[in-house]
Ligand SMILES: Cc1cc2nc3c(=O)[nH]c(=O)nc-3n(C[C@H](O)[C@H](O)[C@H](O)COP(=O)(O)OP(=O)(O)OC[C@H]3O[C@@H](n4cnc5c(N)ncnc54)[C@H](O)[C@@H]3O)c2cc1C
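Here you get one chain, nothing else, as structure tokens; it is the form predicted alone.
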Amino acid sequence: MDHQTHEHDVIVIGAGGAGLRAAIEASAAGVSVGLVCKSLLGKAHTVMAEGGIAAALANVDDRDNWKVHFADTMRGGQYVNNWRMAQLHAQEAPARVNELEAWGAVFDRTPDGRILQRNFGGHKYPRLAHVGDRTGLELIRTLQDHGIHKGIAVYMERTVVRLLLDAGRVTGALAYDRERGRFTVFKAKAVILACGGVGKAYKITSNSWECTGDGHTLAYDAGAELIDMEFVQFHPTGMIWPPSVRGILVTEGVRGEGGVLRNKDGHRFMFGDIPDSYKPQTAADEEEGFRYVLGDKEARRPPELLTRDHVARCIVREAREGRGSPHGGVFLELQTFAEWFGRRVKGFKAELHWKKKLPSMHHQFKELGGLDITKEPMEVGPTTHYMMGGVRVDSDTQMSRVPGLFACGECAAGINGANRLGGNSLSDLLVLGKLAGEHAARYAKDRPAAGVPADQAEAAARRALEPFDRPAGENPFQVMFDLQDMMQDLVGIVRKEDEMVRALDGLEKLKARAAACHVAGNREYNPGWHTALDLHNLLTVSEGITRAALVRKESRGAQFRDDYPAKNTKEFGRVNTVVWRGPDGSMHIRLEPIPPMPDELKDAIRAEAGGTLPEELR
């Protein structure tokens, strides 16, 4: 095999927020770090994060603290979270945000100059530090500007196709250059996976093209375990129209800034099936949510800011029952809040207000949909957004069950449980990315360099080139489109056993088709080849999602089973699903108990739950 070789103490695969933060921390520990990214540096999917970074800074509401944040995260995850990861996240998030500010992040400000925080779904208090609705972009800019001085070697437009192991320990990776198609072997004492999510397994997604489950599959093929794969978050508000932009995210910040959801009849339907504590007692009480948005500590949170899984299912219900918008969604509008606010603030100008608060959303709808969000309602609907499931890691070190293999960010699992709260992903990648970098560097320092078996790299390269060797066969793009259609239809927001059984049968047929894919031309500038290689990852994560969803015979968080619409806490409330690869290459699954939570953390949850401990924790 004709290839380049690069050697580092730590290799980080993925250059989004988690990968950059891990690389910075590992480099700061004095080890040699290589950063491998699938696209260009600065183009990672993290730049699409809009709403903010969740951290209990208590700048807007002084009642907030890490224990409330921890309790909110556990409640949002329906108590199947890794409680230790959720604890570390809530405790360390404020320090990571302040650190980001010290590195140059320019956050929106309160009148007295502190970092401004906004409301978001599932968070009890205004908690999201933000930069308009471009927070992810600012986070990536800041981490890159800081990290560029750390001596990190960056390898752009390289896709990793296999991790290399020696005596069960990860010692490197094989990648190819997406531009020229040439192979590269990366030797390392430790490898950190920070490869993002799996959104491209579905037809409608807010995810960018890179999100094909690479990290999940690399870890799985190397012998690591995956957990909670059934929990795929469908963000309630993606663009619906025109078709060319369907699925593009409409940030939760729109609702956090006063946006309300209405069906085609103009009814604010989120008041229909929500907890009694949210229901308005009089017509005037509907305005309480607006007072809440403006910081009234005594006002009730608006129902549009319930957890994402709940809002998404309500939107699906409205559309299915004939009350949806013309293109199958519902309406999200800012006009009601603007009118209410305008009656109270002399000289208020809605257009200027929303351009300041939501500049990206205003530009996005104006350019892509020909719509002015300051004057017209947006048409929105659920879109595949985030993967709660992923690589099983140790909560304190982020190392998987495979020695030397670490994971952080969206491709790791545990912190979010059954459903992620908005804003927790950005603080998660900062907190747990730092831990991964710190402990990977420590691991590398304590171990000598290991060999990279040449036969593994050779075999992986030969497999990667097989599509060129076939004289004819399937079009890889068609296989991917058929997979996306099937997952959207059969393993989507609402799931049934018979449909998922059909999906498993369909996956076997798609695997056979993928194995017969033919790619024309040569290795240079060949997107068909790239897609043919992505198919293995997409099929692996799709099977993991489907098998885990079948095993969990209940509805919990992001998993909604139409045939099991209620929670079954007795059987499933204290367990995780665990997926692993058997010696024969087949996928296996088991249920595993969640370790008991310490009493002091139970007390924090009890305090936020009105003195009653949830059934899952009793």
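Residue numbers run from 1 along the displayed sequence. On a predicted model such as this, the values are computed, not experimentally measured, just so you know.
The following text describes the form predicted together with the named molecule, which does not appear among the structures shown.
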| query | Here the chain is shown alone; which of 558, 579, 36, 55 has a heavy atom within 4.5 Å of the named molecule in the predicted complex? | reply | 36
| remark: Among 424, 81, 119, 398, just one has a heavy atom within 4.5 Å of the named molecule in the predicted complex, namely 424
| How about residue 214: is it within 4.5 Å of the named molecule in the predicted complex, going by heavy atoms? | yes
| query | Using 4.5 Å between non-hydrogen atoms, is residue 49 touching the named molecule in the predicted complex? | reply | yes
| 4.5 Å heavy atom contact, residue 495 to the named molecule in the predicted complex | no
| task | Evaluate residue 194 for contact with the named molecule in the predicted complex, applying a 4.5 angstroms cut-off between non-hydrogen atoms, and reply yes or no. | result | yes
| Can we say 14, 207 and 210 each have a non-hydrogen atom within 4.5 Å of the named molecule in the predicted complex? | yes
| Can you pick the stretch from 224-232, 476-484, 99-107, 404-412 whose heavy atoms fall within 4.5 Å of the named molecule in the predicted complex? | 404-412
| request: Sequence order please: the residues of 376-402 with a heavy atom within 4.5 Å of the named molecule in the predicted complex. | output: 385, 386
